[in-house]
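There is one chain below, alone, in structure tokens, taken in the form predicted alone.
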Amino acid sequence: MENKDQLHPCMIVIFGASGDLTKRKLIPALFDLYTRKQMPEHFAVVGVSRTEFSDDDFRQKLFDFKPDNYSDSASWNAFAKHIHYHAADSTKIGDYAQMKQRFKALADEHQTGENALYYLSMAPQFFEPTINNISAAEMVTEGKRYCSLDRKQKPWQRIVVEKPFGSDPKSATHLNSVLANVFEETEIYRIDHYLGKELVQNLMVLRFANAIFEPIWNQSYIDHVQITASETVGVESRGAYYDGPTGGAMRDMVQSHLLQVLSVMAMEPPVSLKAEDIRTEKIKIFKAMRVPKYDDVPNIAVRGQYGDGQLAGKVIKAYRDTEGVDPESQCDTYAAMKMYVDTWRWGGVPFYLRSGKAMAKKITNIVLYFKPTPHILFRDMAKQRKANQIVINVQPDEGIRIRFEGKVPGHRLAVKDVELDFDYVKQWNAQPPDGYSTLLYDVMLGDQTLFKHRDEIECAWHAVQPVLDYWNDNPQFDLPNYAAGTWGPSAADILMAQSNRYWHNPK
């Protein structure tokens, strides 16, 4: 198995383990790695939360949530022996003495040594006290790494921080400082599960391993780029969280996920595939993102909020009617934004980002629209012709499609758009791994390629903050302004139509 010899024994500590993320994503991802033989030979998983559970109760709670995923009972039972639980409040330093004793006993039982992966799977207000308490309890032994007799087996402690990473530039910068006071930057993993998607990684292969794409991947040929992440579900039971200070489509999706996808799509070729070289090029893109002016916001950004609607026969009630949501809420369940990356490669090319809930279709994709040919031989058919496109489907239906013009068979000269289609599943006869599986494996390897650097976080917040400030200062009185099950507010279509462009809305 690739890189198996680089996997060191370790203890995985999940703070906030009674929450949904642990049972929905983290444990299934770790079990997937276990069945693929991509876990260290010696490991332990310890859930920490205030709720009282025994080890067996915690294991049963995890199993009951996804029994289909754990249908191989022998494998699950073997994996479950590595799972433990400790009831404690990570924000109280007084709880850490017993916590450390339990960790030491489990480390001896499972032979994990001093290597530890701390995963913050909790509400953001608990990040700072937990990080500070990890330090105060001396659970980070950085000094020993450099005094180790065996330089190849230096003990490590790494931390994984879930989003939201701050709620504005100031809070994000402060959280970065808190982390830096305890962990080295090389041991901090700011996770974004979108970067674990197979097709996002495949972007680098598409661009840099194929001579037919990279020469046209610039402002000379590309008219504009669209990046979409749409969901068919509403906020459901997360109304109180989503309507809070870290919620909304601009904060929750555009600032975090979509700008990350943009950076991979737009970056220059790195000098190598090492993490530091790839992140260097991504950071350059973040620093080149044009920060919009406050007065320009009405011309470059659109917000929306869904009302009542139907999708596939299912009734979706309006956002404001959801439990925990302010009946006069201004929260954006849809956000679209036009951005520019001021580099020689992308000068003048607009990037349109959009994300929304309760939309017509669940999809995440990147669409490159190419400029028309300089001399239109087929001007009589110009109205019927569509722009050449490269469509990169991140999820679902992972694949890459190229749309271009072809002649319809027959005596008459007729032009019609056709597609070349690379379907990931059909081509490789394999399902892409879950993003969390990929990312957790990389953390255990110590590979930061697919994780955010602090500069990326802070630049991303600066890029969207003027929009958030404008929206906060100027309430919108037509909310809700799109029906659930549609492609968003009409203002988003107007934003595109102003430049004679249109959204790529797959059927």
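The first residue of the shown sequence is 1; numbering continues from there. Source: prediction; values computed, not measured.
Heads up, the form predicted in complex with a small molecule isn't pictured, but that's what we're talking about next.
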Within 4.5 Å of the small molecule in the predicted complex, do Asp168, Ser171 and Pro245 each have at least one heavy atom?
no
Applying a 4.5 Å heavy atom distance criterion, does Ser49 contact the small molecule in the predicted complex?
yes
The small molecule contact at Leu21 in the predicted complex, heavy atom, 4.5 Å
yes
May I ask you to check whether Phe370 falls inside a 4.5 Å heavy atom distance of the small molecule in the predicted complex?
no
If we define contact as a non-hydrogen atom of the residue within 4.5 angstroms of the partner, is Met122 a contact of the small molecule in the predicted complex?
yes
From the candidate stretches 442 to 450, 462 to 470, 36 to 44, 50 to 58, select the single one in contact with the small molecule in the predicted complex, where contact means a heavy atom within 4.5 Å.
50 to 58
Could you spot which one of Gly234, Gly309, Pro164, Pro292 gets a heavy atom to within 4.5 Å of the small molecule in the predicted complex?
Pro164
So which of Ser90, Ser329, Ser256, Thr322 reaches within 4.5 angstroms of the small molecule in the predicted complex, heavy atom to heavy atom?
Ser90
